[in-house]
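This document starts with one chain, in the form predicted on its own, laid out as structure tokens.
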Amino acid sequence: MEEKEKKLKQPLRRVVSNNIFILRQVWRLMPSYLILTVCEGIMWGLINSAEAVVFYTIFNALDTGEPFARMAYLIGMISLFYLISGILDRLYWVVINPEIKQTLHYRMHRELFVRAQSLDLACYDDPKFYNDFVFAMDEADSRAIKVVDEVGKLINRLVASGTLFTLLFTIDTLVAVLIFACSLITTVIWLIGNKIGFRQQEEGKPLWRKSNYINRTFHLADYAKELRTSRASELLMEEYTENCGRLIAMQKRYGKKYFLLYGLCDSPISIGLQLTTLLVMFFKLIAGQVQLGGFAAAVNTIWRVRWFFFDICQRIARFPEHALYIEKYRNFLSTEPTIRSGKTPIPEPFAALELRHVSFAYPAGEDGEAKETLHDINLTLHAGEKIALVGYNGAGKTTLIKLIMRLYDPTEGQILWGGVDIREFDLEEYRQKIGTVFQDFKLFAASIAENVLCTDCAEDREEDVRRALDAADFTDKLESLEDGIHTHLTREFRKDGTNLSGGESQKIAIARVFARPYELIIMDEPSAALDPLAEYALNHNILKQCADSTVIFISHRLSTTRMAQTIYMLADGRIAESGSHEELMAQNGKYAEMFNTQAKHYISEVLPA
């Protein structure tokens, strides 16, 4: 708790720095927004000043017996002023401002998307970073808009209150001093309230995320079958009930704090000031120091000054709150990836990939310990060779692939491509050399062609897409689709979209590695969603299509690995055995045990005698 309090206590320099930072971001991305906001603030400040002076003059004119024509003229002028400014105000807020805000939202989020893509995969393993990332995504543009709006309103209030406060001092100095003092007290109250609000947001964010997750599971088609054929819905409902209970308790706890702060502190001060100013002016009226018109003019001016002053103080008090949110956004933007690009040209053509004494440990968890996932891995893959990585769950197979892809860097050791450490290559160029089908592949709400290419499908690439789908054994399904490769996947955004089975989806993911030539192909459980017969046929087709390619297979089903030239059996993050299928079966070790266990279930159906 003390540490959280320390985080919420920002030095004034940091508050100013963070708010200036977000204003610079807006100026860089949408300068017209700042310019229009400042102009609008000045314009309405002048309008409010003119309005107060005109009404004060009219009320005084009633007491001094000014001609009706003069008062009618003043009323007519202020009415025309209202009409013109009202039309301009509507034009800005209804037409111009929404467009500007939407454009700013787009530009800020596009930068965040690019930034997120450049960050290390390890960042997503850190819950604190991920929560801050969600904060940045949720708050970036809305917080920028709030800061800009605060600046615009402050300009408005300062321009107006300068005139009004001067006018107030001519009416009553005591009332002016009271308003100023109460405004300062209100500022302190709002500063405390804003810190409480930020603490509530920080505490509630994980709870709201969990509620949103459970909400998604009940409305996304991905979970529909499991929810209807299992008792998972009961588990989720229990979690939802518990989570909502915590949210309700949190709201109740913070509600009490807000009541103590605003209900028992802020409200009495505001009401007390209203009564005091009314009494002061009322006694002046009774004493004959002002007439009825002057009394009305004075009260009107006092209310305006009070409201403007209080509003200025509350807006100033909100800048530290904005700074707390901006800090997270700023930290996210300043996070630099540790997986950095080099400049060394990649050797052509591909000759060999070597893992030399490679070890890896994921970042330390909450217990402070970093568990080693891979230890002293040594293997060499030559051009055109087909190897397989096998082992039980948790053996480190997928982690090894992530290291080869440079999604992580080894804790120890080297990975060499053509004899050069892969850390010396341009990161994007290096990854483009490798075609990968991940075990947890994802399809996008886009056309089949766009899913295969992972980009727009130009007309001259359509044949490449069809060839890739044919290589992935998707042709029969493709012929049944009216729009062919232009069929839109999922019905999330289009009623005419198509939902595919798990096996069909996996074939589209596999087609990605056939859509263009790669120097290395990695198949991470490429046939997990297929039945054994379909798997056997697909694996032979893959080998046929990749006859000249270098391929790494990862599979729990050893019918795949039997076709590899060299098989590496991983256990506890180490290479326990290696060799061809026949050599490993002859050793009668871990691989043979795993293979024989699986063979009992489907060897007679799939593998030739």
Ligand SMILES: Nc1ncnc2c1ncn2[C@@H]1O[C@H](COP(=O)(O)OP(=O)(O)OP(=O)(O)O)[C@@H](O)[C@H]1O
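Residue indices: 1-based, along the sequence shown. Treat the numbers as computed from the prediction; the structure is a model and nothing was measured.
In what follows, reference is made to the form predicted together with the named molecule, a form of this protein that is not presented.
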Is residue 402 a contact residue for the named molecule in the model of the complex, using a 4.5 Å heavy atom cut-off?
yes
Looking at the partner-bound form in the model of the complex, is residue 396 within 4.5 Å of the named molecule by any heavy atom?
yes
Does at least one non-hydrogen atom of residue 392 fall within 4.5 angstroms of the named molecule in the model of the complex?
yes
Residue 332 near the named molecule in the model of the complex, any heavy atom under 4.5 Å?
no
In the model of the complex, segment of 265-273, 108-116, 402-410, 191-199 with a heavy atom within 4.5 Å of the named molecule
402-410
Tell me, which of 490, 85, 359, 439 has a heavy atom within 4.5 angstroms of the named molecule in the model of the complex?
439
The one residue among 163, 373, 505, 211 placing a heavy atom within 4.5 Å of the named molecule in the model of the complex is 373
